[in-house]
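Just one chain follows, in the form predicted on its own, and it is written as structure tokens.
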Amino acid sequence: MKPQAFLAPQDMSLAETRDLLAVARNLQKNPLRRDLAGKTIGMIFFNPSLRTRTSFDVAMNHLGGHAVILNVGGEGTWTLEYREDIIMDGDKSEHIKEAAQVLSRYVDAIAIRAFSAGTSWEEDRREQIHRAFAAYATVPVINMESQLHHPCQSLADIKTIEDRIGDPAGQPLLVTWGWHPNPLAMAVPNSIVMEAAKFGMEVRLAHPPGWELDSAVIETAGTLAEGAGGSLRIYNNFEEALPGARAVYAKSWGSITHYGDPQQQRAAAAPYRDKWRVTLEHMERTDNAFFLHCLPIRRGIEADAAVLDAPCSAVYDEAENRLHVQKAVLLRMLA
């Protein structure tokens, strides 16, 4: 039997997620435990991190365990190949097949952060690095963010929503695209849309034409929303989705239409720069909504600094909740 893998929000049912959030709230009140004494997690980073790296490291420490942090390439660990049946005569030094099996003999879980700004969406959406680790590791595997999913972030998001407004079911959540100078991964919007749909929220997804999320993600979110008594509606003008919203989640992501061509992405996004930035005026048109963003955020780009510094901003609570929900994930998979 393969060990558990937590790679996407739909890997946990609604009941399992509710149970996990209950554990997270208990851990928020009682942060120090020894359940994971003697346990070690290997954290593999293909991309930079602030909140994810720190919160997982601190989480293991609070639970009595230990984290080993490995940065791929440069002065970190070897560059890793994930493709099967390939002659490794290129720039990759080690195959994930060996790395995953060796690490499984050293650590009790493996966590991976890897998202690509590659040339092919069809290839990148397969999340082959995460899938390869899940296939070859003999210990649990946790997704710390991929091109398609960021399940630990969406757990923190839904906890923040519950902390602010109680039961999310039926509550309107606006997830809106924002302009950014660079095309970013779609993992965060994908995951919060699916997580909120799983909880039966009225999900309003707003983006300009050409910035649609992956069709499989939208299909999954629609199915989850239908099963939970919620809804998913897509807008091409985020101001139309503001009235009645209880939470506004801003996040930039790249266009699948122009995927792999950063210059074309920037040119296509340029007309939306000022029209898709969240302001205090926008927040005042909601139903006393609070503001969410996974961070990092460029002030004055996706949202005004005044929004981030206002009482309606929940971004710091949201970031703190990463610590609490990840402790609950670690206990679920390792204790």
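Start at 1 with the first residue shown and count on from there. Because the structure is predicted, anything quoted here is derived from the model rather than measured.
Only in words, not in the display: the form predicted together with phosphoric acid mono(formamide)ester, which the text now covers.
- Gly38 falls outside the set of residues with a heavy atom inside 4.5 Å of phosphoric acid mono(formamide)ester in the predicted bound form.
- The shortest heavy atom separation between Gln28 and phosphoric acid mono(formamide)ester in the predicted bound form exceeds 4.5 Å.
- A residue is said to contact a partner when one of its heavy atoms sits within 4.5 Å of a partner heavy atom; Ala269 fails this definition for phosphoric acid mono(formamide)ester in the predicted bound form, lying far away.
- Taking the partner from the other structure, phosphoric acid mono(formamide)ester in the predicted bound form has a heavy atom within 4.5 Å of a heavy atom of Pro296.
- The listed set Thr176, Gln153, Ser146, Asn190 contains one residue whose heavy atoms approach phosphoric acid mono(formamide)ester in the predicted bound form to within 4.5 Å, identified as Gln153.
- Exactly one listed residue, out of Lys159, His207, Lys198, Arg113, brings a non-hydrogen atom to within 4.5 Å of phosphoric acid mono(formamide)ester in the predicted bound form: Arg113.
- Note on the interface: of 298-306, 283-291, 60-68, 47-55, the segment with non-hydrogen atoms within 4.5 angstroms of phosphoric acid mono(formamide)ester in the predicted bound form is 47-55.
- Of all the residues from 307-335, the single one having a non-hydrogen atom no more than 4.5 Å from phosphoric acid mono(formamide)ester in the predicted bound form is Arg322.
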